[in-house]
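Form predicted alone, single chain, as structure tokens, below.
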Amino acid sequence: MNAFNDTLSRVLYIDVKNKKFWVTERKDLFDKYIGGAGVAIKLLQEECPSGADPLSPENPIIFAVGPLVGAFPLASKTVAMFKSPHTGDLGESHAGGRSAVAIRLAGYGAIVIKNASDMPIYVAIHGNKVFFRDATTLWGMGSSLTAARVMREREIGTGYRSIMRIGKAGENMVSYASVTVETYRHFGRLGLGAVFGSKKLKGIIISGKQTLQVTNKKTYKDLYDRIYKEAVNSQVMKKYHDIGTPINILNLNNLEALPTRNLKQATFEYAEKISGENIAQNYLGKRVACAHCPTACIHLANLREQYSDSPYFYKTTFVGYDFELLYALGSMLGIEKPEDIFMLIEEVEKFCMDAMSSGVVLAWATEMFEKKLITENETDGLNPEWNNTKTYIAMLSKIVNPPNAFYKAMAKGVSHAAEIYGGKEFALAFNKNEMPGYHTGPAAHLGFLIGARHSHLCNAGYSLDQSLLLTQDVAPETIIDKLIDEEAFRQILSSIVVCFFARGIYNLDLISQLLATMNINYNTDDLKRIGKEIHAEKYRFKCREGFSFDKLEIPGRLFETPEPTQKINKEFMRAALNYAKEKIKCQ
């Protein structure tokens, strides 16, 4: 047996109510579903009772990694699964940083957090030992970064270490609160931070010192070198290193597909100023990488702010930025200056909120105020308007600490707020999950609607718009088939677990070869079958928890704002969803 997988099938269970932990061998799950997303969805089905309140002690938190983690380049993601307080069904989020390798070297393939503590705590996992630390003094701190620093300094030890933590958004159970990993990576979407908060769990520290051994060193080295060279020399990966995902700002703006001012427009007149190219040239401070990744796609900008009126006192902060942040807190809000976007990013980071949901909620509120559908009575005296960074910062604080019913509604997302206050036709969400930054055509929006976690990362429909729909007339059924096939393939990527940026490198044939070096023998047909099974298991959970294709609503704004393919219409979209309903059956 290859030593790579000696500990992968060990699942660490942590009961934060009774301050107990135990380890169970789950070779059955890892043999059948590989790891990562495949194992996580089965553990979620086992541990989460049907109909459980997402903010109740019954909702578990599952973390899972895969067999390639710690072994090959770009295998650096942790999968989190839970019942989402934001949508009410499947919550799935992925984070990079050091978390995956730390879990693997601590000796586990998955971690299950159960029940809820009666007081604020953080959990410290040091190899085969688990400690429950009092976090009362950390609860309510203004910045989550301060809490992380305290945890880091308190947990002295050796080994490969990762720190996860929530901010006040999670403590107050904002439904789109995130969990920050290290400093610049996140479990961002669908409200994992709120689930942490419901369990009075301020954070988790994981450290491990195990080593991974190989038996066939030559084969392993040859494959490792091949992947490393492709990651370093590939033009696609070079793009991620040089500019990063913010390269999409100008690309999408040129296509007239960049959501702007709550998608009232699809071009932004200040796109050049907030573009990845301009920021890299004038604001880039440094690049950093996730563990075992040679690409270093994490771009940090220098935010320079005056301490006072004196021209001699400044503070400089590194702020992580990517396309989704520049879209949601930039073009979507009409923000024209990079410095203003960085200040909004820093505020979102301080509270630990999902940036995409935050930006879309603020954009909806701005249009509501613009149309006089709400007044200062709802906004607590504020006047939201496009490009008003100061007001948006104040509104974020009120979402986290709601002074009235309006902000309490905003803290549950744009769909919830629009149900109460109106503006549903321009409340840009898909199964309650706020819109990513692509208005490229019908495939993008259908991808958001039918994806298991309603994200642009489910199936990359925006790519299909640009590669196919711009040049051809394609039937709705063909679009759905291609989206489902891509999503099934991505279940394998998120089970081994590798970064989706590397999907052009990690094809099924290569994955089969890599797994064989670990005595895991699946051919490409096996992998295709497993991908489809994992996808079906996710939908089995979603449907069990109330998801229905019949409940999906398409925001009216999509039909009003032109997109590049000129193929979005109600008949096309409805035909596609009807076919998806038959293709992805709720069981």
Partner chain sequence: MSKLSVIDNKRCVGCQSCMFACSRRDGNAGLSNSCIGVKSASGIEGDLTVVVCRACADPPCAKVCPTNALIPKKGGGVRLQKTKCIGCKLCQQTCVIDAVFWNKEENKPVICIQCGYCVGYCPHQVIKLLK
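Numbering follows the first chain given and starts at 1. Every value quoted in this text rests on a predicted model; they were computed, and no experiment measured them.
Missing here is the form predicted together with the partner chain; even so, the following discussion is about that form.
- The partner chain is not drawn, but in the model of the complex it has no heavy atom within 4.5 Å of I420.
- A residue is said to contact a partner when one of its heavy atoms sits within 4.5 Å of a partner heavy atom; A296 meets this definition for the partner chain in the model of the complex.
- Contact check for R98: a non-hydrogen atom falls within 4.5 Å of the partner chain in the model of the complex.
- When contacts are judged by a 4.5 Å heavy atom cut-off, N233 does not count as touching the partner chain in the model of the complex.
- With the partner left out here, the partner chain still marks one of 192 to 200, 386 to 394, 447 to 455, 286 to 294 in the model of the complex; by a 4.5 Å heavy atom cut-off that stretch is 286 to 294.
- Only one of L250, I374, L508, V214 lies close to the partner chain in the model of the complex, with a heavy atom inside 4.5 Å, and it is V214.
- Shown without its partner, this chain lists E272, D225, E305, D134 as candidates; in the model of the complex, only D225 has a non-hydrogen atom within 4.5 angstroms of the partner chain.
- The partner is not shown here, and in the model of the complex the stretch 380 to 400 never reaches within 4.5 angstroms of the partner chain through any heavy atom.
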